[in-house]
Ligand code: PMP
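This document opens with one chain alone, in structure tokens, the form predicted alone.
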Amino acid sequence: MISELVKSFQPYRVVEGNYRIRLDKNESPYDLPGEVKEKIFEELREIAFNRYPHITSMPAREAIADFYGVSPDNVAVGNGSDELLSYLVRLFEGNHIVITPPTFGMYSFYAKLNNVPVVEVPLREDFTLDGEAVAKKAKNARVVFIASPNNPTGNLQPEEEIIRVLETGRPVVLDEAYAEFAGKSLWKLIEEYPNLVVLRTFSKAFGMAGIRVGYMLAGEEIVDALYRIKSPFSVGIMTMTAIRVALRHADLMEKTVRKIVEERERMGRKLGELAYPSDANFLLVRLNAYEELLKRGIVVRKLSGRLEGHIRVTVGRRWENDAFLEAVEEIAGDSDVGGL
């Protein structure tokens, strides 16, 4: 009864248990400020819950468009960026998708789910994009996925390498889930490159992972095509209200981002050569310490493949980060750990 394709997927495993520190999901350690929540609740009291939301999430699209200074026709909103990824794999013509490992695993997940072959073009030794190599594999590709900052390595990709891929004319999804922490975005290139889709999210910098909303910026033709196949009513009234209110208080988000970036830099200095430079809200760390950290009540992300023996740690609150750093010092023992 169950298809062989579905049987081939591994179940999504979550680390369960009473762990005191969770630094494994790249969430913001800070919730929405109470004053913002109150404004969301106030607006929700005036909204009828018995009616379906707008079929194409137009209230949210208008708010995002106003924030960026573009047309709502350049914006699509999804129940998390993952929903949009699932459609982007199906949206375009082509034989395969191109990914650049090590990178976000959901690109290949949705390709496999849709029986679309995956072509891998590994990142260079320093985890930067080889635009020429990717461009060669982009011929007849449905879509090329590029994450910048990249997850799990944390680095921005060079603009000139991304443009090399864009100039092939094939669809390119630039996943900028962590762009706020880098202070740089290439979203304005959608005006120059009609084959570009820029993917963003409210889950990271805005601290709204529990609300589940992602969005994309692209040319009108791509957005229109996506809404031709997208499930209606997938973004609810509560979510759209939260988006509109949060964007009116983006200055508070920027303040939180500055705090997280300061902590990221402090952690990087403490870890020294153990940590790779990062433009995101997490650090890639050269230390095979997943199990030992778990014993100490600290959950981080265990990596495999090319990054076997590495961990990814989300920047948390200062006390959480201090506990992590102290644990690393214990685990590393007498090794050189960059002045911890």
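Treat the numbers as computed from the prediction; the structure is a model and nothing was measured. Residue numbers here begin at 1 and follow the sequence given.
Although it is not shown, the form predicted in complex with this ligand is what the next lines describe.
Against this ligand in the model of the complex, the set Phe104, Thr201 and Arg212 is in full contact: each member has a heavy atom within 4.5 Å. Note on the interface: of 80 to 88, 119 to 127, 136 to 144, 259 to 267, the segment with non-hydrogen atoms within 4.5 angstroms of this ligand in the model of the complex is 80 to 88. Contact between Asn151 and this ligand in the model of the complex is found at the 4.5 Å heavy atom cutoff. When this ligand is considered in the model of the complex, Ala177 lines it closely, a heavy atom lying within 4.5 Å.
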